[in-house]
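Single chain ahead, by itself, as C-alpha cells, in the form predicted alone.
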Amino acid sequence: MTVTTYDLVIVGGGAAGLNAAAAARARFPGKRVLLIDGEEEIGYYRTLLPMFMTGVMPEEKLFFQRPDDPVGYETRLGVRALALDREQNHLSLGNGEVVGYERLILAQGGRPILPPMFADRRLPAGSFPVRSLAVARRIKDWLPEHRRIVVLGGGLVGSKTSVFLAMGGCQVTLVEKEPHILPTVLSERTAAPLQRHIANLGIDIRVNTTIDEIETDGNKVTRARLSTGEWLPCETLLIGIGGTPDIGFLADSDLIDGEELVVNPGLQTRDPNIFAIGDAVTIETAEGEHHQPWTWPQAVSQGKRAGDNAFRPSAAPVPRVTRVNAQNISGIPLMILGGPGVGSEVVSRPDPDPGVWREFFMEADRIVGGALVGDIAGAGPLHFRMANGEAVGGEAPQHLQRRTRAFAAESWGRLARARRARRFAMEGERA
C-alpha cells in the first residue's frame, strides 16, 4: 500500500477548513498541506444559497475563493474520508487512497437531517435538503415549473428561503414543529412580530406541526401531510430542519465522547495532534461547560485559530464560544447573541416600539444570549460584555431601549405591500 504523507491534512472545505488552510500556510509556509472535501466545488458562501437558488444572486457572487485561485496547498475534491487510523496516522479516502499526516484538522461539518419518512435517505423528485451548492443548482432548475412549495423547518435557513421564494412569486407554506419560527434563537414573544411580518409577504406559516407523510405521482412529490392530518399541495419540498455532525468515519478512532466530537478551548481532541472545528464539534471549557457554537462567524474564527495552532508547542484557546450571528430577513435586521440556555430567564421590552424588539437571556446578572430585532445598534459592546461574562445587573433595561429610529408598524406594512407588488411584476415578466 502506497501512502502519501503530509505535514497537515484538513478534512472539510467549508469556511472552517479553508480558513484553517490559509492560516496554516501563512504561519507555517514550509509545511505541506492537503485539503479534502466531499464536494466537487468549495469556497462558496453556504449562507447565500437561498438567494442563489431563487434567482436573486448570480452564481459567481457566491464564491469567496475560485478553483483557479492560487492557494499554496493540494486538494482532493469530490472525495470523502472513510476511516481514521490514529495508530498509523493514516486517513482512508473514498477513492481508495490512503494519506498520512503529522497533524490533522477535522472540519467536515454536518450532514442534513432528514425526517423519519426518508429514513432510507432516498428522496422522491422535488424533495431537496437545503445544504450544498450542487443541490441548490438542482433546486434552481426545478423551481420554475414547480412553484407550490412546502418548506420544512422554521429556523434561519427555512425562514430566509421561504422569504426569497415568496418574493419570487412562489406559493409557500412554512412548517415548524415548535410553537414559533426561529425557536432556537428567539423567545415566542419576540418571534411573534417577525412571524407576522413574514406572513404579510404571503407565506402560509404552520407551527406546532410537522410533515409525517408525502404522496407522489410516480416518483414526483405531489402532496405533503401535516401531523394534524391536513394535506398540503406540494410540488417542491425543501428540507431545512438543520444538520447533525458528520462523524461516522470516526467511529473507530476513540475520538467520540458519547455522540460528540469534543475539543478543548485550543480546539484539540483527546489526541493533541488532531484538531476539530466547525459544525461537528463540541467545545469543552476549563469549567466543564459544553458549547456548540455552530455559526458561520465561529467557523471562520475557529478555522483561523486551528491553522495557527497546528504546529505550535501549545495551543492558544479560541477567543470566544458564543453563537453571535447577523442576519437580515426581508428588510428586518436581526442580531443573534445566542439562544436561551437551560433555565435562563427571558428579559425583554415590556412595551416594544413597533418594528423594534429586543430581548436577553439572563443567568443571574449575566447575559448569556438574546436578540436585537429591527434595531441592532450597540450589538458589538453587548456581545463583548456577554462573551467576557461581565455582570450587567440593573443595566439590562437600558440596553433593551432602542438605539436608532424604528420603523413604525405602517412602514412595515408599506414595505410588505411594495414587496408583493414587485413579486407580481416579476410574475408578469415571466408570463
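Note that this is a predicted model, so its numbers are computed, not measured. Residues carry their position along the shown sequence, with the first being 1.
Beyond the structure shown, there is the form predicted in complex with a small molecule, which is absent from this document and is the topic of what follows.
By the criterion of a heavy atom within 4.5 Å, Ala81 is counted among the residues contacting the small molecule in the predicted bound form. Proximity of Ala16 to the small molecule in the predicted bound form falls within the 4.5 Å heavy atom cutoff. Of the heavy atoms in Ala306, none are within 4.5 Å of the small molecule in the predicted bound form. Residue contact with the small molecule in the predicted bound form: Val157 places a heavy atom within 4.5 Å of it. The partner is absent here, but in the predicted bound form a heavy atom of Ala107, alone among Val172, Leu267, Leu182, Ala107, sits within 4.5 Å of the small molecule. Residue-level contacts in the predicted bound form: of His383, Arg46, Lys31, Arg366, one residue has a heavy atom within 4.5 Å of the small molecule, and it is Arg46.
Looking at 31-39, 368-376, 66-74, 388-396, the stretch with residues near the small molecule in the predicted bound form, meaning non-hydrogen atoms within 4.5 angstroms, turns out to be 31-39.
Not one of Phe118, Arg206 and Asp212 places a heavy atom within 4.5 Å of the small molecule in the predicted bound form.
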